[in-house]
Ligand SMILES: C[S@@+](CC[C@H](N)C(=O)[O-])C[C@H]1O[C@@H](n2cnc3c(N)ncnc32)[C@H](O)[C@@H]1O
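Next up: a single chain in structure tokens, the form predicted on its own.
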Amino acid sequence: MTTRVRTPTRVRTPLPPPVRRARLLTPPGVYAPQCDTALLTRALYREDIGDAAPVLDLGTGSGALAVAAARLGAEVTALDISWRAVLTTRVNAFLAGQSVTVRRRDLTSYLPRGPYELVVSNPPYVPSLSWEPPRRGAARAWDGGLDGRALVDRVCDVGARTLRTGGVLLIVHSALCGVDTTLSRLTGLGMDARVIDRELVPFGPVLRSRRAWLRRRDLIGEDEICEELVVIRAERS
């Protein structure tokens, strides 16, 4: 059974003004920034990112994190399997006046070239009724396979293999797909991993539609209506 923390502590780190003012295009089929994006952006801004530091955004979606990192002076490469997301990120970077290299790549088979100083990712992590994530359609942005870990595990592996020594991976996902599992995997890959932020948020439309299925799998309790989001920071030794 997935371990869930019932009394999460929320870290309230204010976002810099440029992030709050950001307006991003999010056409249908592209993941719109939500609570998980905000949590990860807060974590990103707590990192000491040097000028022109190489940063990799895995599964960029609208490009929210890529643009935020570029605002800090990073040299950003953003990847996504969706052509619509790739084009959206290019447009959002242009509108924000930021330089971001955006490429279409399938993370299940592609290993980016490093080394990177920072890798960030808000991957699909919602447990779904199929072992494999969908290959097309809007659900590709959130469905992470039967246990929600199809892309989460891949991000952990890619981060460990592409970061320089001392480099950092920042990943956000739901506790429904296993916080301890992620920490154990990253530790096994030679990284110092810990939870640095968490927040309890109400179920969105997708999880509300799957409540009965999640209860049958003992992933949530009978009366649960919220999920815990966590940001994990892992530093490569």
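Each residue number is its position in the shown sequence, starting from 1. Small disclaimer: the values here were computed from a predicted structure and weren't measured.
There is another form of this protein, the form predicted in complex with the ligand, and it is not shown here; the text below is about that form.
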Checklist entry - Does this chain block the ligand or leave room for it once its pose in the predicted complex is superposed onto the site C-alphas (blocked: 3 or more ligand atoms within 2.4 Å of backbone or C-beta; open: none)? => result open
Item to check | Joint contact, 43, 170 and 197 to the ligand in the predicted complex, by non-hydrogen atom at 4.5 Å | outcome: no
Item to check | Interface segment, criterion being heavy atoms within 4.5 Å of the ligand in the predicted complex, picked from 70 to 78, 104 to 112, 90 to 98, 162 to 170 | outcome: 104 to 112
Checklist entry - Would residue 82 sit within 4.5 Å of the ligand in the predicted complex, counting heavy atoms only? => result yes
Next on the checklist: So, residue 56 and the ligand: in the predicted complex, are they within 4.5 Å at any heavy atom pair?
Outcome noted: no
Next on the checklist: Would you classify residue 148 as touching the ligand in the predicted complex, given a 4.5 Å non-hydrogen atom cut-off?
Outcome noted: no
Checklist entry - Does residue 61 reach the ligand in the predicted complex, with heavy atoms at most 4.5 Å apart? => result yes
Checklist entry - What residues, if any, in 120 to 156 have a non-hydrogen atom within 4.5 angstroms of the ligand in the predicted complex? => result 122, 123, 124, 140, 141, 151
